[in-house]
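Coming up is one lone chain in structure tokens, specifically the form predicted on its own.
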């Protein structure tokens, strides 16, 4: 038995008790308000939403559902469920330096490095019992193979119901009908279990919240076309991205995007950019960036380069129709440009390059995200034909062991030199 066994065991038990106590998040929230008092109001709203989610999941006043980022959050709010996003929480933990400990915990229990690091962090949380337990799990097959396997495994671990939404390959009427039938069936089964009747009034309320939020995201994205860039894509892939996936249909989500819109509008009116001197405008491809401590954003700033936009923030879906709830949610899922033939993604990327006056593209090839990385070189070949340089930057979003500071700096500087 190692000398530190009892010590580690005691620490783990203590953290478990703290993490699963709802009062913990009230204390952290109060401390964060003081620590981040000079931060933008939108950032403070995000923090409030994050701690609210974790606190309520601990209280269990509503059924807690684990889900992945491409399952529409509007579905859960309308069904009176409380959504928790393990991979998004993993990114938060990576940003505060605790991810590698949890990754090593999961790997010690035979979770292979082939599994996405975000889900290895989540598996470590489960093994340590530091995570709010799910009452049920709902995920979609959309874009991420790893999530399907992870959630199926977790449903067995917690002995809870697991609903897999099978997202079709094509974006056509038959695919949407097939998907709408699945969503309606899942809603019916959940309603029978928790006794919640999904009324038209509820659907109207949550869909309208989502649609109002969507309008602010679209207006915000319009502002981001300005030169100089008023909003950093580095931030957009952090706390803003958290809200993009988890808050549509929630009042706090509408408040967040309304506030962020106002903050960005003020910067545009005052001609305040992310950098004092903007030389290169970058489009960032893929859903994530490294969330642990790294020097990528510093490398870009030193070379007067700014991430003007990122493909994950693009609003690809139409406003939801409360009169056709299941068809409308299905259409939102199938209209994702990452689903289906690679030509759909290429078309979107090229449009973003033109709309945001992009000088160069960086594709962050996160280990484990095969659906995105598999198309990276096809996109690069297309953009090269159009005279647009693209860097494929291999890396990891949560596991800092896969980050090489020197090599990354060299590749970024060589790429930006090419832009010059």
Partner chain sequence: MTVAGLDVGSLTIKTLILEDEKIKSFTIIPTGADVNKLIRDCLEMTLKKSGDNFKNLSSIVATGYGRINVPFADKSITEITCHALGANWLNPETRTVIDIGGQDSKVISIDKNGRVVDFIMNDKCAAGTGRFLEVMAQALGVKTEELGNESLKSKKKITISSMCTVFAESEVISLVAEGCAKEDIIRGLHKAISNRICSMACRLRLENIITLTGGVAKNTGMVQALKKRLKAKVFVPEEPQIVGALGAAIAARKIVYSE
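Residue numbers count along the first chain shown, from 1. All values reported here derive from a predicted model rather than from experimental measurement.
Keep in mind that the form predicted together with its partner chain is not shown, yet the notes after this line are about it.
Chemist: Please state whether every one of the three residues 377, 401 and 409 places a non-hydrogen atom within 4.5 angstroms of its partner chain in the predicted complex.
Modeler: Result yes, every residue of the spot touches its partner chain.
Chemist: Is residue 391 near its partner chain? Define near as a heavy atom within 4.5 Å, in the predicted complex.
Modeler: Flag for residue 391 set to yes.
Chemist: Could you tell me if residue 384 has a non-hydrogen atom within 4.5 Å of its partner chain in the predicted complex?
Modeler: Yes, residue 384 sits close enough to its partner chain in the predicted complex that at least one of its heavy atoms falls within 4.5 Å.
Chemist: Do residue 367 and its partner chain come within 4.5 Å of each other in the predicted complex, heavy atoms counted?
Modeler: Yes.
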